[in-house]
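Shown next as structure tokens: one chain only, the form predicted alone.
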């Protein structure tokens, strides 16, 4: 089954969607944390309280050298949660991923903008790959197409990695990548809310209620 994550540091929204969606966990990045003005340790403690002991959390290194990324990854991995370390799929990042995997740490290669970039990260041992669907679209390329090519490469070469598609502006983008059989997806709060929202839903529910109460007043279904 596809792994579903929220891409946020908003505790209230995580609690909201935990009640109605089968969330596997939460993804973060340096920008999300900076905007929330919440440090990683404080955020993780709050998330774990909401999500429970089986949740998986993603945290990104901010070091810029191979040695720094590796050491930072070790520290993130030592946190008392199911952690995945995010590393940008740059030349430096790929070198770091190779070393981090030697430590047995679960890694996501992030900031992926092309299929070949993601494929190389997979060959370096990345457990997850995060192509930026909407960001690719805004650059004039085809985000869903990049994900399709990358999934094809993974299947063809039987690589033990999962695509965790990220960066969505609308539900259609999310739907199209899920149709490709990807292993995971992370949604911003606003797109997650749109997934089960439709202008026709509430009027239909209201009509059901009106018709029922018109015929049976305040009785519940099993009392009729």
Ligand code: E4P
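Every value quoted in this text rests on a predicted model; they were computed, and no experiment measured them. Numbering follows the first chain given and starts at 1.
There is another form of the same protein, the form predicted together with the ligand; it is not shown, and what comes next is about it.
Across the options 127-135, 98-106, 73-81, 147-155, residues that bring heavy atoms within 4.5 Å of the ligand in the predicted bound form belong to 127-135. Site annotation in the predicted bound form: the residue of 59, 26, 192, 166 reaching within 4.5 Å of the ligand with a heavy atom is 166.
In the predicted bound form, 86, 110 are the residues of 75-113 with at least one heavy atom within 4.5 Å of the ligand, listed from first to last.
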